[in-house]
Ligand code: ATP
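Here's a solo chain for you in C-alpha cells, the form predicted alone.
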C-alpha cells in the first residue's frame, strides 16, 4: 500500500482508546490528525472489552459519555460506539474491516501512539491492519522514539506517516491516580481534561477509591 492515497479518495481516520478519561492531549491529537491528514472524517472509538488491558476499565457508558463531551464541537470528528456495542474482545482489525465496508474506496488512516506502534506485532491480525490502513504515529515534540522495537522490514510496501504534536505531558493514568489519591485535589487534575469531562467525573464520582 502506498502512503499516498488515490486521488479523490475519501479520507477516514480511526483513533481508538480507552479514553478513561479522555484528556486534552487526546483532543489535541484528534485536531492534529484531522488537519495534518486532511481527513473527511475521524472516528473516535472508545474500546469495548480491551484484550490488552490488565486493569478493569471504567463502565463503558461513562467512557462513551466522556468521549462525547471531550470531542464535541470538533469539525469532522464523530464519536463511534461500535466497539462498546460489539460483544467480545475489541480488535482493531474488526473495526477497520467494518469501516472499510461502510466506506468503499476510502483510504483509512489508523492513528496510534509510539508505544502502540512498538507493540503492533502483538495485535490480532496485525498484518491485515497494514493492508487496510495507513499507520499514523503520533510523535510528540521532544520524543526520540518512533515505533522502537518494531522491525521496519515488516513495513515494506506499507504506508506509515508521522503526526507532529505539541509537547503535552498528560496521562490518563496520572489523572486517575491524582483523583484516587486526592493528593493534588481538584485543581491539580481538572486543567488536564476538557471542562465538561471534569464536571462529569466529579458528578459521577469516578476514579475515587472506595
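Predicted model, so just to flag it, every value in this text is computed and none were measured. Numbering follows the first chain given and starts at 1.
Just so it is clear, the following notes concern the form predicted in complex with adenosine-5'-triphosphate, a form of the same protein that is not shown.
Enquirer: Please tell me whether any heavy atom belonging to residue 163 falls inside 4.5 Å of a heavy atom of adenosine-5'-triphosphate, as the geometry stands in the predicted bound form.
Expert: Residue 163: no, not in contact with adenosine-5'-triphosphate in the predicted bound form.
Enquirer: Though only this chain appears here, would residue 176 touch adenosine-5'-triphosphate in the predicted bound form if you measure heavy atom gaps against 4.5 Å?
Expert: Heavy-atom contact with adenosine-5'-triphosphate at 4.5 Å: present for residue 176.
Enquirer: Taking adenosine-5'-triphosphate as it sits in the predicted bound form, is residue 65 near enough to touch it, meaning that at least one heavy atom pair lies within 4.5 angstroms?
Expert: No, residue 65 sits far enough from adenosine-5'-triphosphate in the predicted bound form that none of its heavy atoms falls within 4.5 Å.
Enquirer: Taking heavy atoms only, is residue 139 within 4.5 angstroms of adenosine-5'-triphosphate in the predicted bound form?
Expert: Yes, contact at 4.5 Å.
Enquirer: Hey, with adenosine-5'-triphosphate in the predicted bound form, do 13, 98 and 131 all fall inside the 4.5 Å heavy atom range?
Expert: No: no residue has a heavy atom within 4.5 Å of the partner.
Enquirer: Along 15-47, which positions have a non-hydrogen atom within 4.5 Å of adenosine-5'-triphosphate in the predicted bound form?
Expert: Residues within 4.5 Å: 15, 16, 17, 18, 19, 23, 25, 26, 29.
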